[in-house]
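Only one chain is shown below, in C-alpha coordinates, and it's the form predicted alone.
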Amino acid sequence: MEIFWFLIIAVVLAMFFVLDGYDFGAGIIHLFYAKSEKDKEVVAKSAGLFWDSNEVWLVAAGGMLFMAFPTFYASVFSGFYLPLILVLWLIIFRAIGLEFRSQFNYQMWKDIWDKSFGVSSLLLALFFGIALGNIVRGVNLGVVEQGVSTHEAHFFFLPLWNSSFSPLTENPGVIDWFTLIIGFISVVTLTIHGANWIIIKTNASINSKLKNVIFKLNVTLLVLTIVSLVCWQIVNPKALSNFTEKPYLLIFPMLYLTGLIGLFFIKKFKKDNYGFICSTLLIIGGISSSLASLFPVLLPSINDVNESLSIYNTAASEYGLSVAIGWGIIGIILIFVYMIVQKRLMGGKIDHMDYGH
(Lines give C-alpha, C1' and ligand atoms only; values in the text may rest on other atoms or scores of the structure.)
Protein backbone atom coordinates (compact mmCIF):
# COMPACT_ATOMS: atom_id res chain seq x y z
CA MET A 1 0.00 0.00 0.00
CA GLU A 2 2.90 2.36 0.79
CA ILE A 3 4.39 1.76 -2.66
CA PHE A 4 1.02 2.40 -4.30
CA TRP A 5 0.66 5.81 -2.64
CA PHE A 6 4.30 6.66 -3.30
CA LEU A 7 3.74 6.06 -7.02
CA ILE A 8 0.48 8.03 -7.07
CA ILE A 9 2.06 11.04 -5.34
CA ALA A 10 5.08 10.83 -7.67
CA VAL A 11 2.75 10.94 -10.71
CA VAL A 12 0.80 13.89 -9.29
CA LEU A 13 4.02 15.81 -8.56
CA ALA A 14 5.31 15.07 -12.06
CA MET A 15 2.03 16.36 -13.50
CA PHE A 16 2.44 19.57 -11.51
CA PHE A 17 5.96 20.24 -12.73
CA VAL A 18 5.08 19.39 -16.34
CA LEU A 19 1.97 21.59 -16.36
CA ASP A 20 2.87 24.46 -14.04
CA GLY A 21 6.47 24.12 -15.18
CA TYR A 22 5.64 25.72 -18.51
CA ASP A 23 4.04 28.60 -16.60
CA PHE A 24 7.29 29.14 -14.70
CA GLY A 25 9.22 28.92 -17.96
CA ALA A 26 6.86 31.36 -19.68
CA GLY A 27 7.47 33.81 -16.84
CA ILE A 28 11.24 33.54 -17.30
CA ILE A 29 10.91 34.03 -21.07
CA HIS A 30 8.61 36.99 -20.38
CA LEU A 31 11.25 38.52 -18.09
CA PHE A 32 14.22 38.22 -20.45
CA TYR A 33 12.95 37.97 -24.01
CA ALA A 34 9.52 39.59 -24.40
CA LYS A 35 10.28 43.22 -25.28
CA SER A 36 7.24 44.53 -27.16
CA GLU A 37 3.92 45.07 -25.41
CA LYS A 38 2.22 42.65 -27.81
CA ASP A 39 4.70 39.87 -26.98
CA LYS A 40 4.48 40.59 -23.25
CA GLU A 41 0.72 40.36 -23.35
CA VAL A 42 0.57 37.13 -25.33
CA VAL A 43 3.32 35.41 -23.29
CA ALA A 44 1.60 36.40 -20.05
CA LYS A 45 -1.64 35.07 -21.52
CA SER A 46 0.00 31.71 -22.34
CA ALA A 47 0.58 31.24 -18.61
CA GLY A 48 -2.35 33.22 -17.24
CA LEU A 49 -5.04 31.15 -18.91
CA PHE A 50 -3.71 27.95 -17.34
CA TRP A 51 -1.85 28.62 -14.08
CA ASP A 52 -4.81 28.24 -11.70
CA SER A 53 -5.79 24.79 -12.97
CA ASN A 54 -2.16 23.65 -13.13
CA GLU A 55 -1.56 24.49 -9.47
CA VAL A 56 -4.42 22.20 -8.45
CA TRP A 57 -1.88 19.37 -8.88
CA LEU A 58 0.36 20.91 -6.21
CA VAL A 59 -2.56 21.16 -3.78
CA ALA A 60 -3.47 17.54 -4.55
CA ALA A 61 0.12 16.38 -3.98
CA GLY A 62 0.27 18.19 -0.63
CA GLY A 63 -3.03 16.68 0.50
CA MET A 64 -2.02 13.17 -0.53
CA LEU A 65 1.35 13.53 1.17
CA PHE A 66 -0.35 14.60 4.40
CA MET A 67 -2.73 11.65 4.17
CA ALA A 68 -0.28 8.91 3.16
CA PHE A 69 3.00 9.92 4.81
CA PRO A 70 2.09 12.25 7.71
CA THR A 71 5.42 11.92 9.54
CA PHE A 72 7.34 12.89 6.42
CA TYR A 73 4.92 15.75 5.79
CA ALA A 74 5.35 17.08 9.34
CA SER A 75 9.13 16.72 9.21
CA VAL A 76 9.59 18.43 5.83
CA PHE A 77 7.11 21.25 6.37
CA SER A 78 8.76 22.21 9.67
CA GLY A 79 12.34 21.62 8.56
CA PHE A 80 11.97 23.57 5.31
CA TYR A 81 9.78 26.24 6.90
CA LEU A 82 11.78 29.25 5.66
CA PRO A 83 12.00 28.27 1.97
CA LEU A 84 8.38 27.10 1.97
CA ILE A 85 7.23 30.51 3.21
CA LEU A 86 9.31 32.12 0.45
CA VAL A 87 7.73 29.79 -2.12
CA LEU A 88 4.27 30.71 -0.82
CA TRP A 89 4.95 34.43 -1.27
CA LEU A 90 6.44 33.85 -4.72
CA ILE A 91 3.35 31.90 -5.81
CA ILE A 92 1.18 34.78 -4.58
CA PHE A 93 3.18 37.45 -6.41
CA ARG A 94 3.34 35.41 -9.60
CA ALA A 95 -0.43 35.02 -9.58
CA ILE A 96 -1.24 38.66 -8.83
CA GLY A 97 1.34 39.72 -11.40
CA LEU A 98 -0.64 37.85 -14.04
CA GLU A 99 -4.03 38.98 -12.77
CA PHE A 100 -3.21 42.65 -12.17
CA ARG A 101 -1.11 43.65 -15.21
CA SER A 102 -4.09 44.35 -17.48
CA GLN A 103 -6.39 45.94 -14.92
CA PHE A 104 -5.16 49.46 -15.74
CA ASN A 105 -3.69 50.75 -18.98
CA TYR A 106 -0.70 52.56 -17.45
CA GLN A 107 2.81 51.55 -18.45
CA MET A 108 4.28 51.87 -14.96
CA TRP A 109 1.50 49.66 -13.58
CA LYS A 110 2.15 47.01 -16.25
CA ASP A 111 5.93 47.15 -15.71
CA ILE A 112 5.56 46.51 -11.97
CA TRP A 113 3.39 43.43 -12.42
CA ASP A 114 5.42 42.16 -15.37
CA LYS A 115 8.48 42.15 -13.12
CA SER A 116 6.44 40.47 -10.37
CA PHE A 117 5.42 37.71 -12.78
CA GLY A 118 8.89 37.23 -14.27
CA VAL A 119 11.03 37.41 -11.11
CA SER A 120 8.62 35.23 -9.12
CA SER A 121 8.63 32.60 -11.88
CA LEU A 122 12.43 32.60 -12.00
CA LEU A 123 12.80 32.27 -8.22
CA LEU A 124 10.10 29.59 -8.02
CA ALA A 125 11.94 27.50 -10.61
CA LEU A 126 15.17 28.02 -8.65
CA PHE A 127 13.68 27.17 -5.24
CA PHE A 128 11.89 24.05 -6.46
CA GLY A 129 15.22 22.86 -7.86
CA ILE A 130 16.97 23.70 -4.60
CA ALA A 131 14.27 21.74 -2.75
CA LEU A 132 14.99 18.69 -4.90
CA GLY A 133 18.70 19.18 -4.20
CA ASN A 134 18.01 19.11 -0.45
CA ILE A 135 15.98 15.91 -0.79
CA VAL A 136 18.68 14.00 -2.67
CA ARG A 137 21.48 15.43 -0.48
CA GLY A 138 19.77 14.63 2.81
CA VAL A 139 19.48 16.49 6.11
CA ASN A 140 20.69 16.15 9.69
CA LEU A 141 17.68 14.27 11.07
CA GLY A 142 17.38 14.61 14.85
CA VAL A 143 19.88 17.51 14.75
CA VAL A 144 22.80 15.30 15.78
CA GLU A 145 25.69 17.16 17.42
CA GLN A 146 28.89 15.33 18.40
CA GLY A 147 27.19 11.99 17.90
CA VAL A 148 24.17 12.82 20.08
CA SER A 149 20.63 13.38 18.78
CA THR A 150 19.25 16.57 20.34
CA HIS A 151 15.71 16.20 18.97
CA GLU A 152 13.24 13.55 17.84
CA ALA A 153 14.56 11.28 15.11
CA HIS A 154 12.39 12.82 12.37
CA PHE A 155 12.99 16.47 13.32
CA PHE A 156 15.31 18.87 11.52
CA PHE A 157 15.47 22.58 10.78
CA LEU A 158 17.63 24.20 8.13
CA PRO A 159 18.76 27.81 7.89
CA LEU A 160 18.70 29.30 4.41
CA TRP A 161 22.48 28.84 4.31
CA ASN A 162 25.42 28.38 6.65
CA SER A 163 28.77 30.15 6.74
CA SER A 164 30.62 27.39 4.86
CA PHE A 165 28.03 27.22 2.04
CA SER A 166 28.92 23.52 1.83
CA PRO A 167 26.70 20.41 1.64
CA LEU A 168 29.40 18.37 3.40
CA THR A 169 29.05 19.97 6.84
CA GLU A 170 27.22 18.40 9.80
CA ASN A 171 24.46 21.02 9.59
CA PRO A 172 24.05 22.17 5.98
CA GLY A 173 21.73 24.98 4.98
CA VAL A 174 18.97 24.96 2.40
CA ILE A 175 21.20 26.74 -0.11
CA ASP A 176 24.72 25.45 -0.76
CA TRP A 177 26.83 24.94 -3.86
CA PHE A 178 25.29 21.52 -4.57
CA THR A 179 21.63 22.53 -4.19
CA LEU A 180 22.32 25.66 -6.25
CA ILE A 181 23.54 23.49 -9.13
CA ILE A 182 20.27 21.51 -8.99
CA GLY A 183 18.43 24.83 -8.79
CA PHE A 184 20.15 26.09 -11.95
CA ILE A 185 19.24 22.83 -13.73
CA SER A 186 15.62 23.43 -12.74
CA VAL A 187 15.69 27.01 -14.05
CA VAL A 188 17.22 25.99 -17.39
CA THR A 189 14.87 23.01 -17.82
CA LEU A 190 11.72 24.97 -17.07
CA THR A 191 12.84 27.86 -19.28
CA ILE A 192 13.21 25.40 -22.15
CA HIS A 193 9.80 23.93 -21.32
CA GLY A 194 8.18 27.36 -21.17
CA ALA A 195 9.75 28.38 -24.48
CA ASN A 196 8.36 25.25 -26.14
CA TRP A 197 4.93 26.02 -24.69
CA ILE A 198 4.99 29.59 -26.02
CA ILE A 199 5.95 28.32 -29.48
CA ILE A 200 3.01 25.87 -29.44
CA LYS A 201 0.36 28.21 -28.03
CA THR A 202 1.20 31.62 -29.49
CA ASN A 203 2.19 33.47 -32.63
CA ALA A 204 4.58 35.73 -30.74
CA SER A 205 7.23 37.49 -32.81
CA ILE A 206 9.95 35.91 -30.64
CA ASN A 207 9.00 32.31 -31.49
CA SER A 208 11.71 31.81 -34.12
CA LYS A 209 14.27 33.32 -31.76
CA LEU A 210 13.15 30.98 -28.97
CA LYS A 211 14.30 27.92 -30.91
CA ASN A 212 17.84 29.30 -30.85
CA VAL A 213 17.43 30.05 -27.15
CA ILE A 214 16.29 26.47 -26.50
CA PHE A 215 19.30 25.04 -28.36
CA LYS A 216 21.77 27.18 -26.38
CA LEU A 217 20.06 26.42 -23.08
CA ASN A 218 20.15 22.72 -23.90
CA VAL A 219 23.93 22.90 -24.27
CA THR A 220 24.06 24.58 -20.85
CA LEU A 221 21.77 21.89 -19.44
CA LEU A 222 24.03 19.12 -20.73
CA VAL A 223 27.04 20.69 -19.00
CA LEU A 224 25.10 21.27 -15.75
CA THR A 225 23.83 17.67 -15.80
CA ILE A 226 27.36 16.27 -16.05
CA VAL A 227 28.61 18.63 -13.31
CA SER A 228 25.68 17.71 -11.05
CA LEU A 229 26.36 13.97 -11.40
CA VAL A 230 30.00 14.47 -10.45
CA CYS A 231 29.06 16.68 -7.49
CA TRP A 232 26.37 14.23 -6.39
CA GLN A 233 29.02 11.52 -6.13
CA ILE A 234 31.09 13.83 -3.94
CA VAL A 235 28.14 14.60 -1.67
CA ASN A 236 26.89 11.00 -1.58
CA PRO A 237 29.19 8.31 -3.05
CA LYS A 238 26.30 5.78 -2.96
CA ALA A 239 23.88 8.07 -4.78
CA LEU A 240 23.58 5.86 -7.87
CA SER A 241 23.67 2.46 -6.14
CA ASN A 242 19.95 1.86 -6.74
CA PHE A 243 20.56 1.90 -10.49
CA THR A 244 23.33 -0.71 -10.30
CA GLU A 245 21.34 -2.95 -7.96
CA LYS A 246 18.08 -2.58 -9.92
CA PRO A 247 19.01 -2.00 -13.58
CA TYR A 248 15.35 -1.69 -14.63
CA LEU A 249 15.34 1.72 -12.92
CA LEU A 250 17.64 2.97 -15.68
CA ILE A 251 14.51 3.56 -17.77
CA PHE A 252 14.03 6.84 -15.87
CA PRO A 253 17.45 8.35 -16.68
CA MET A 254 16.88 7.17 -20.27
CA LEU A 255 13.74 9.32 -20.42
CA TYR A 256 15.81 12.33 -19.35
CA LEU A 257 18.57 11.50 -21.84
CA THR A 258 16.04 11.06 -24.66
CA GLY A 259 14.57 14.51 -24.00
CA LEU A 260 18.03 16.07 -23.72
CA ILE A 261 19.26 14.60 -27.01
CA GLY A 262 16.00 15.35 -28.78
CA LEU A 263 16.17 19.05 -27.98
CA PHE A 264 19.43 19.38 -29.91
CA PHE A 265 17.27 18.89 -33.02
CA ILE A 266 14.77 21.62 -32.04
CA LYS A 267 15.52 23.63 -35.18
CA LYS A 268 14.79 20.65 -37.44
CA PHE A 269 11.49 19.58 -35.89
CA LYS A 270 8.65 19.86 -38.40
CA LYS A 271 6.02 20.03 -35.66
CA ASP A 272 6.28 22.41 -32.71
CA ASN A 273 4.87 19.90 -30.24
CA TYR A 274 7.93 17.65 -30.67
CA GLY A 275 9.99 20.13 -28.70
CA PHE A 276 7.38 20.24 -25.95
CA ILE A 277 7.38 16.44 -25.76
CA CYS A 278 11.16 16.45 -25.36
CA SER A 279 11.11 19.00 -22.55
CA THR A 280 8.31 17.02 -20.89
CA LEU A 281 10.57 13.95 -21.01
CA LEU A 282 13.30 16.05 -19.38
CA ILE A 283 11.07 16.93 -16.44
CA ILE A 284 9.54 13.49 -15.98
CA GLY A 285 12.90 11.79 -16.40
CA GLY A 286 14.64 14.15 -13.96
CA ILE A 287 12.03 13.81 -11.21
CA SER A 288 11.57 10.05 -11.61
CA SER A 289 15.34 9.45 -11.69
CA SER A 290 15.79 11.40 -8.46
CA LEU A 291 13.00 9.47 -6.72
CA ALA A 292 14.27 6.14 -8.09
CA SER A 293 17.77 6.85 -6.79
CA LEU A 294 16.36 7.25 -3.27
CA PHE A 295 13.58 4.61 -3.21
CA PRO A 296 12.27 3.56 -0.72
CA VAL A 297 13.81 6.51 1.12
CA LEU A 298 11.94 9.82 1.04
CA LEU A 299 14.50 11.93 2.90
CA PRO A 300 18.03 10.66 3.59
CA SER A 301 19.70 11.18 6.95
CA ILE A 302 23.27 12.45 6.71
CA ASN A 303 24.14 11.14 10.17
CA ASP A 304 24.56 7.57 11.43
CA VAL A 305 22.43 8.05 14.54
CA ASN A 306 18.93 8.39 13.06
CA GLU A 307 17.64 6.38 10.13
CA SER A 308 16.42 8.00 6.94
CA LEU A 309 12.72 8.73 6.47
CA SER A 310 11.23 6.16 4.12
CA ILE A 311 7.81 5.22 2.78
CA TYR A 312 7.66 2.54 5.49
CA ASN A 313 8.55 4.45 8.68
CA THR A 314 6.55 7.58 7.81
CA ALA A 315 3.36 6.03 6.37
CA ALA A 316 -0.10 6.26 7.88
CA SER A 317 -1.80 3.09 9.14
CA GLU A 318 -2.73 0.37 6.68
CA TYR A 319 -6.39 1.03 7.38
CA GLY A 320 -6.05 4.75 6.65
CA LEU A 321 -4.18 4.13 3.40
CA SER A 322 -6.77 1.62 2.19
CA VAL A 323 -9.77 3.82 3.07
CA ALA A 324 -8.17 6.76 1.22
CA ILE A 325 -7.98 4.84 -2.05
CA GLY A 326 -11.63 5.43 -2.92
CA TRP A 327 -11.54 9.14 -2.21
CA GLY A 328 -8.17 9.48 -3.90
CA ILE A 329 -9.44 7.88 -7.11
CA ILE A 330 -12.47 10.18 -7.13
CA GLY A 331 -10.25 13.23 -6.58
CA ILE A 332 -7.80 12.29 -9.33
CA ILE A 333 -10.65 11.65 -11.78
CA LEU A 334 -12.09 15.09 -11.02
CA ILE A 335 -8.69 16.75 -11.55
CA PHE A 336 -8.21 14.96 -14.88
CA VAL A 337 -11.71 15.94 -16.03
CA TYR A 338 -11.02 19.56 -15.02
CA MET A 339 -7.71 19.54 -16.90
CA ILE A 340 -9.12 17.89 -20.05
CA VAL A 341 -12.10 20.26 -20.25
CA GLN A 342 -9.90 23.32 -19.81
CA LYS A 343 -7.29 22.17 -22.32
CA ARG A 344 -10.04 21.50 -24.89
CA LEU A 345 -11.63 24.91 -24.31
CA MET A 346 -8.21 26.55 -24.64
CA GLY A 347 -7.04 24.44 -27.57
CA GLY A 348 -5.01 25.94 -30.41
CA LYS A 349 -3.33 29.34 -30.39
CA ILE A 350 -4.41 31.64 -27.58
CA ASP A 351 -3.34 35.02 -29.07
CA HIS A 352 -6.88 36.32 -29.49
CA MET A 353 -8.39 34.83 -26.33
CA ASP A 354 -9.40 37.26 -23.59
CA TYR A 355 -7.56 37.26 -20.29
CA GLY A 356 -7.11 39.83 -17.56
CA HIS A 357 -9.34 42.54 -19.04
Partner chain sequence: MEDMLFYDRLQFAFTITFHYIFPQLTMGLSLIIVFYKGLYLRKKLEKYNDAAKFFMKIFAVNFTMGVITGIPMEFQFGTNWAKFSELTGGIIGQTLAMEGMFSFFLESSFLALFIFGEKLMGQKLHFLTGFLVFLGSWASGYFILATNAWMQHPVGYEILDNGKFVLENFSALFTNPWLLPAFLHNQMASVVTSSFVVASIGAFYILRNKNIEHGKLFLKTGVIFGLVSSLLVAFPTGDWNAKNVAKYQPASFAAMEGIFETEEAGAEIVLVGQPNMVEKKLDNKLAVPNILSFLTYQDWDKQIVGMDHFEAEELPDNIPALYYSYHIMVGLGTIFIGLMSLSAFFLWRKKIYTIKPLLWAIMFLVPFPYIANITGWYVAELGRQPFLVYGLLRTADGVSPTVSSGNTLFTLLGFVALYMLLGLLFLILVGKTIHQGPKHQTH
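In this text, all values refer to a predicted model and were calculated from it rather than measured experimentally. Positions refer to the first chain, counted from 1.
Below: the form predicted together with its partner chain, not depicted.
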Discussion item. Between its partner chain and 77, 324 and 338, in the predicted bound form, does every residue show a non-hydrogen atom at 4.5 Å or closer?
Written reply: yes
Practice prompt. Name the single residue among 165, 89, 264, 106 that comes within 4.5 Å of its partner chain in the predicted bound form, judging by heavy atoms.
Written response: 89
Worksheet item: Which listed residue (302, 44, 291, 60) meets the criterion of a heavy atom within 4.5 Å of its partner chain in the predicted bound form?
Response: 60
Worksheet, complete the sentence: Answer among 281-289, 211-219, 177-185, 98-106 for heavy atoms within 4.5 Å of its partner chain in the predicted bound form: the stretch 98-106
Discussion item. Although the partner isn't part of this model, could you tell me whether residue 37 comes within 4.5 Å of its partner chain in the predicted bound form, counting any heavy atom of the residue?
Written reply: no
Worksheet item: Hey, in the predicted bound form, does residue 256 get a heavy atom within 4.5 angstroms of its partner chain?
Response: no
Practice prompt. May I ask you to check whether residue 85 falls inside a 4.5 Å heavy atom distance of its partner chain in the predicted bound form?
Written response: yes
Item to complete: Flag residue 155 as yes or no: does it have a non-hydrogen atom within 4.5 angstroms of any non-hydrogen atom of its partner chain in the predicted bound form?
Response: yes
Discussion item. At 4.5 Å, heavy atom to heavy atom, what parts of 34-69 sit next to its partner chain in the predicted bound form? List them in sequence order, or say none.
Written reply: 49, 51, 52, 53, 55, 56, 57, 58, 59, 60, 62, 63, 64, 66, 67
